[in-house]
Ligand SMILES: Cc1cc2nc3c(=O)[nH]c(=O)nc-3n(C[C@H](O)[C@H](O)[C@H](O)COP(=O)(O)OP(=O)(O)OC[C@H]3O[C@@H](n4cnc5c(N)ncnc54)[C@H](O)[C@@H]3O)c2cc1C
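So this first bit is one chain, no partners, the form predicted on its own, shown in structure tokens.
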Amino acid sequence: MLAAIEATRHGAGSVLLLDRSLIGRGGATVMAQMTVAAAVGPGDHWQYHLADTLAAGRGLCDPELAALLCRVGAECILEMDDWKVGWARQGNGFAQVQAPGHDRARCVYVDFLSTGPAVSRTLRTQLQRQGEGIRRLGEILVTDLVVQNGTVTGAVALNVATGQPITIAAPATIIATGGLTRLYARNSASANMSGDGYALAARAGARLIDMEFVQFFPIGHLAPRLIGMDPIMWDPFRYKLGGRLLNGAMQEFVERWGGDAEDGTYSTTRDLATYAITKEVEAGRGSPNGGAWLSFTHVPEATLRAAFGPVIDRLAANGIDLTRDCIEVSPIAHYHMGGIRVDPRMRTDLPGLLAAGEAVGGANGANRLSGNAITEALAFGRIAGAEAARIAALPAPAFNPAAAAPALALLSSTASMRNIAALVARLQHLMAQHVGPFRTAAGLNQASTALAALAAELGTAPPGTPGIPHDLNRQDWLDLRQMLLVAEAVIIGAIARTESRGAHQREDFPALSPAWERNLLLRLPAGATHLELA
């Protein structure tokens, strides 16, 4: 949304904003309930934020992209304030909390339930104020980019509501489709996050970077059932109030796996907490639903309510009383550090193609700093929109419908009916089993073999009859086509990186290797794989 707004502000006369869901109501931002990192407080500076971002990235951040995230991100947070997003206040300034990995209180919020929805709502309002300059179309599933002589000139898509294929001609295209968390059965984002953007760029010939780095959040909500709340909501509880991690026998256990005794402070880092929970479950000491207990029963009710009053009421509506009840948590796929390789103007390898937000790889290195996700979306969206407007003003090759013919033929083809949702579930299971937070060569190779078998079962044409509105089985086929390519990229990177760094942990190579302080670039031309070290 911010890319579209910025393109218009920089003179783009006609902007088309496509969304797989409804505009501004799908993806990850609208689901985020927590905090946004930005150096907007007294005594803070974007360079201090940058230092923390680089430290979290374990030596693999692109320093130029990381600097843009921190500098432009802070500008965007201030502009969002001008647009009345409603950042919480403390005295004459913003209310800010200190999240893990930051050297000071730097994370702003609207409240601990509504930050993401408030950001999305504010941007939707700004879109409307742009008038007819931005045309908005929801329920559009983009399947392929159109490439002519190495230049991206548009895209082919399926109109989900009608079942009809469409073509889009554009001198500049921005991929802003978010991450790949749907590759995993347990994930914290929207069901739309299938890695579509990575697959679109890779099929067109652009390079991907850092695809092996999938961030898992250790204390994702597991049980009891929680409706209408973010599954990673326990993070601010953790760093604001503390919390005790307990195994199925109600014993603290992180010290057993290399952590320090916590005494209710919950100071264990995310990677170590993920490891400890995983290993405790493997040893048969997990909670009833296969995770660990998280307990706040040692925190007085008055303290809980003073810190998270509205949240406490929402939890009560879900039948959860934190003064009495422990909840179950386990690692959950949360974010992807890798993505499409871009330059500081958000341009990919291909003329006419840009990327923004979580679709971009390189800024966060091996591990994203807490609070940087929405900041990155805003900063990179602003940069990409301005650059797209500049590109659109230049002479461009005319869109040739013939270049779109293969992608259109795919949408018009048909195959025998089969249960594609079951294949998606198999992919999610094998990724969780072998390409999760802890990996081995044997497991990764098993995943690669299983992936090839899934690709063979998928076939080369979607099932059913073309032209049927809201045909979920055909949509699943188109999604799985992209998911398999993205899963392959993650596995290739994970096999190649024979060390443990940040979110990529190899149990057969447990040490961080100085020789691997390098980025893996991946190109996936038809029938081949090309890896580069940068």
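Position 1 is the first residue in the sequence shown; the rest follow in order. These figures come from a predicted structure and were not determined experimentally.
One more form of this protein, predicted in complex with the ligand, exists but is not displayed; see below.
For the candidate set Ala496, Ala55, Met31, Ala67, a heavy atom within 4.5 Å of the ligand in the model of the complex is found for exactly one residue, namely Met31. With the partner omitted from this view, the residue of Gly352, Gly339, Gly357, Gly73 that lies near the ligand in the model of the complex is Gly357 [heavy atom within 4.5 Å]. In the model of the complex, the ligand sits beyond 4.5 Å of every heavy atom of Gln505.
Remark: Gly361 does not count among the residues lining the ligand in the model of the complex, judged by a heavy atom distance of 4.5 Å or less.
Contact check for Tyr335: a heavy atom falls within 4.5 Å of the ligand in the model of the complex.
Contact between Asp230 and the ligand in the model of the complex is found at the 4.5 Å heavy atom cutoff. Taken together, Pro100, Leu241 and Thr323 are entirely out of contact with the ligand in the model of the complex: none brings a heavy atom within 4.5 Å. Picking from 124 to 132, 365 to 373, 415 to 423, 203 to 211 the stretch near the ligand in the model of the complex, with a 4.5 Å limit on heavy atoms, gives 365 to 373. Contacts of stretch 17 to 50 with the ligand in the model of the complex, defined by any heavy atom lying within 4.5 Å, are made by Leu18, Asp19, Arg20, Ser21, Gly26, Gly27, Ala28, Thr29, Met31, Ala32, Gln33, Met34, Thr35, listed in sequence order.
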